[in-house]
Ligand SMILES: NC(=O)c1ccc[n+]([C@@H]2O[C@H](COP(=O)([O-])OP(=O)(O)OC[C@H]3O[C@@H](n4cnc5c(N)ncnc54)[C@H](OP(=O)(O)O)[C@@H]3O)[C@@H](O)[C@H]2O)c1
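What follows is a single chain, given as structure tokens, in the form predicted on its own.
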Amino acid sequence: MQYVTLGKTGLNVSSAGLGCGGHSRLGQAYGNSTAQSIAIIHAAMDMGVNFIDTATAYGTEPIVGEAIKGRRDEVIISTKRTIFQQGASPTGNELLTGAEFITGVEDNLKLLGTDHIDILHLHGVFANQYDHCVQELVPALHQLQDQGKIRFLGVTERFIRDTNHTMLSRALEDDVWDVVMTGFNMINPSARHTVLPKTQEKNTGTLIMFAVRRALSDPDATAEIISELISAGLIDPSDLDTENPFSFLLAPNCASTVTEAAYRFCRHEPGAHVVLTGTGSLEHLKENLEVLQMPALPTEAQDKLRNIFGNVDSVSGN
């Protein structure tokens, strides 16, 4: 396992992080038992993963808490809380007060079975909610820091709706955040221009989500999204094989699968510290972790991806 320093936090973290959300949620979405999901976490840890990312919204915090019993000092725990009141629309203005947020974090600690959270993120913040976060919730985060209940402050974007990183572009103007989580992948590399230069300048820890989603793992979804991008004039159909748009990545001495290429693309992007990967399968976990230790894609493949998708900022790949 390769390790990196997570920006200004100084934390020594595995470059591959275990994501406990996404479509799988440690396999809970597909019928895994709690024991099977715990086995995924234990296997990841045994293979050198020391960064585990979960969230209240995923429902996997209790599983993480059970898995790390007796091994808490082996892992960096990253978790997230939404900023809106229960039952409110994620896009609305029914936002939590600082006091309400602190009460919620006490629940996180109980579910995780720990007395401290290494990185606590405000989860899926929209640009129009950001000022409330700074004015009302950041003081609450600082209070939790002073009490030793959290170590570092993080914020994550809602990439499915904010594909051009409007919120994070604003957040990175402030010297508030120790860590951010951004969407980045082969078909929408726009964070390369709007997020990662700023995180590198500020030495902000950077977590990569959406490295692989349906558009990069399901041929039907790939065809659909490529068609949409061509119709929108965002990619030139003469630049790729529309029937098999990623075939050039499977050339000799490049990658064996599109998924492999997608993870390697993210892993070696300047400014990317931890690439999150999630699964409910032990075999799939091992494959992903092996891929995330592989070298960068050949220069020719990277140049072609840049030429085809370099101007895309309107899709998430989900």
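Residue positions are given as counts along the sequence shown, with the first one as 1. Keep in mind the model is a prediction, meaning the values are calculated, not measured.
Heads up, the form predicted in complex with the ligand isn't pictured, but that's what we're talking about next.
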query	finding
Partner-proximal stretch of 246-254, 282-290, 64-72, 41-49 relative to the ligand in the model of the complex, 4.5 angstroms, heavy atom	282-290
Contact at Glu157, Ala211 and Ser217 by the ligand in the model of the complex, all three, heavy atom at most 4.5 Å	yes
Cys20: touches the ligand in the model of the complex, heavy atom cutoff 4.5 angstroms	yes
Contact label in the model of the complex: Leu276 to the ligand, heavy atom within 4.5 Å	yes
Touches the ligand in the model of the complex: Met181 (any heavy atom, 4.5 Å)	yes
Interface membership of Tyr58, the ligand in the model of the complex, 4.5 Å heavy atom rule	yes
